[in-house]
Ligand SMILES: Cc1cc2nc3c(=O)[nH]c(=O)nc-3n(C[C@H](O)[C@H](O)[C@H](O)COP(=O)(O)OP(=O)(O)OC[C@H]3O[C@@H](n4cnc5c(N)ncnc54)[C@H](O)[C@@H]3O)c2cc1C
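Next up is one chain by itself, shown in C-alpha cells, the form predicted alone.
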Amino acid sequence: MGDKFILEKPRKTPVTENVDVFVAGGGPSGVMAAIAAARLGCSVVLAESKAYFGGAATMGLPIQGYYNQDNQRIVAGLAEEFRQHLIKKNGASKEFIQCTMHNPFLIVDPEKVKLVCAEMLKQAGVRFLLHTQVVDTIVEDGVIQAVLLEGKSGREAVVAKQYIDCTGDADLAARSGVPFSIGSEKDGTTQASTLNFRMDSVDIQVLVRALFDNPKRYDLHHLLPREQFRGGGHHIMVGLGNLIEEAKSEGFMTDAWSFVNYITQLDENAVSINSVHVKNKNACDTRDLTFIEVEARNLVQEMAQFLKLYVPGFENSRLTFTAGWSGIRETRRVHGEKTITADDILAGNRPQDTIALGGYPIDIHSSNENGLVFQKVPTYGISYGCLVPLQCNNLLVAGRSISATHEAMASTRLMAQCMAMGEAAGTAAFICVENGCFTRDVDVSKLRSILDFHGACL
C-alpha cells in the first residue's frame, strides 16, 4: 500500500439488467427520457441517486420555460402530459401564472410531483432503482459496454444498447471519457448554488400593500413591474434589495444575495424562498459540495430570520421545509457534435435538427458580483447535436449538461426545456435501438417526425 493510493482487489460484478436503454438521473429530463423510450417499445432501466423522482421540481420552485416572452407555447408533448397529471391531483396551478419578467410559469406541489413521476414511469413499464449512483462505466472503442452502479445491495452492472445521461452533472458522460467544461469560458467561475426553503403563515397582502404605499423603500427588480402585484395573486417576487442593505448595515446579514426572491405556493400564505447563494464552489467536487450543503442551511436560517424581522407580512411566518439538497445551477457541460451559444439564442436560431425550443431569459446568478444577469431572448431551437457528446457512440446527454456555453446554459437549463430534451433523447435512443445505429447517425427528420406526432413543439 502506498501513501496516497490503494490498489483495489479484482472483483466480479453481477450484471443485474440487460436492456435496450439505460437512463441515469430521475429529474425532469430523465423521467421524460425513460418514459419516451419505454412507450416506443424499449426495455428501460432508470437509476436515481435520491429517494424519489422529480429533481428540481421537488424543491418548491416553479416550472418555467413552457412559454416564451411573447406568451407563446414552446414546450408541450410529455411535459404537457405531466402537467395535466399534476392538475388532476391538485398538484399544479390550473393555469400558467403571467409574469412579465419570467414568462408564464407553473406552480407545483413537490409531493405531487414525486407521485406523478413514479406513476408515469410505472405506467410506461420503466424499471427503476432509487438510492443508486452511477460510479463507473466500461467503454471499448468509444462504445459503452456497461454502467457500474452502487446501491444498498453493493455494486452491480447494467448492460444496455443505448445510454442517456440526465444526471445534470454529466456524471455518466464524464466517467465514459467524454470531454467537458465547467464554468465560464472567461474565468471558470460557476453560477451560485441555492437551497430553497418554504415559509408558511405569510400575510402576502401586507407586503403587496407596502409595495404600493412605499415604493422607494420596498424596491423591485427593474424588469418586474409593480402593477403585476396589484390584486395580490400568485407571483414571483424579485426585489427588496434596500431591506437587505439595511440589514447588512445593522450587522444582521453576514452574507446574502442582493434580492429577496420568493414564489407564492398553491397553499394560501405560503412562499418558497430562492434567496441564498453559495458562491465559487464546484458541485462536482465532494468537499465543495459538502460545504455548499452545510453553508446553505446556515444561510437559510439567517434569511428566514431576516424575513421575519424586516419584511412586512412575514412577522408571524414559520420556516416549514427545506429542499432535500441544494439547487445546483451549473457544473459540467459536455462537448458535443454541436454547441449552442448565447449568440445562437439571441439571434433566435432554429437549426434544421432542432429537437426542442427555448425562450426563457439568459439567467445568470453571478458568483463574482453577487448579482443577476437577466436578458430576455427570442424563441430559439436546441440542436440534436447538442445532446450527442464527442468520443462516445452510444450515449446521449439531456438536461442542464448538454453541449452549451456558460451563457447559453443559463437559458437552456430550465425545467420545461429539460423535459423536452429528455423526451427527444429517449426517442432518439429508440431510433438507435431500432436501427442499430450510433447516436450521431440518427435520422433527425424521423426523430422530429415522432416528436411532432406526440405533440412536441418544434
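Owing to the predicted nature of the structure, the values given are computational and were not obtained by experimental measurement. All residue numbers are counted from 1 along the displayed sequence.
Below, we turn to the form predicted in complex with the named molecule, even though it does not appear here.
- Only one of 238, 243, 99, 328 comes within 4.5 Å of the named molecule in the predicted complex through a heavy atom, and that residue is 328.
- 132 is the sole member of 317, 354, 132, 176 with a non-hydrogen atom lying within 4.5 angstroms of the named molecule in the predicted complex.
- The three residues 47, 61 and 399 all sit with a heavy atom within 4.5 Å of the named molecule in the predicted complex.
- Judged by heavy atoms within 4.5 Å of the named molecule in the predicted complex, the contact stretch among the candidates 37 to 45, 50 to 58, 424 to 432, 388 to 396 is 50 to 58.
- By the criterion of a heavy atom within 4.5 Å, residue 359 is excluded from the residues contacting the named molecule in the predicted complex.
- Residue 166 belongs to the set of residues with a heavy atom inside 4.5 Å of the named molecule in the predicted complex.
- In the predicted complex, the named molecule stays beyond 4.5 Å of every heavy atom belonging to residue 420.
- For residue 408, no non-hydrogen atom is located within 4.5 Å of the named molecule in the predicted complex, even though that partner is not displayed.
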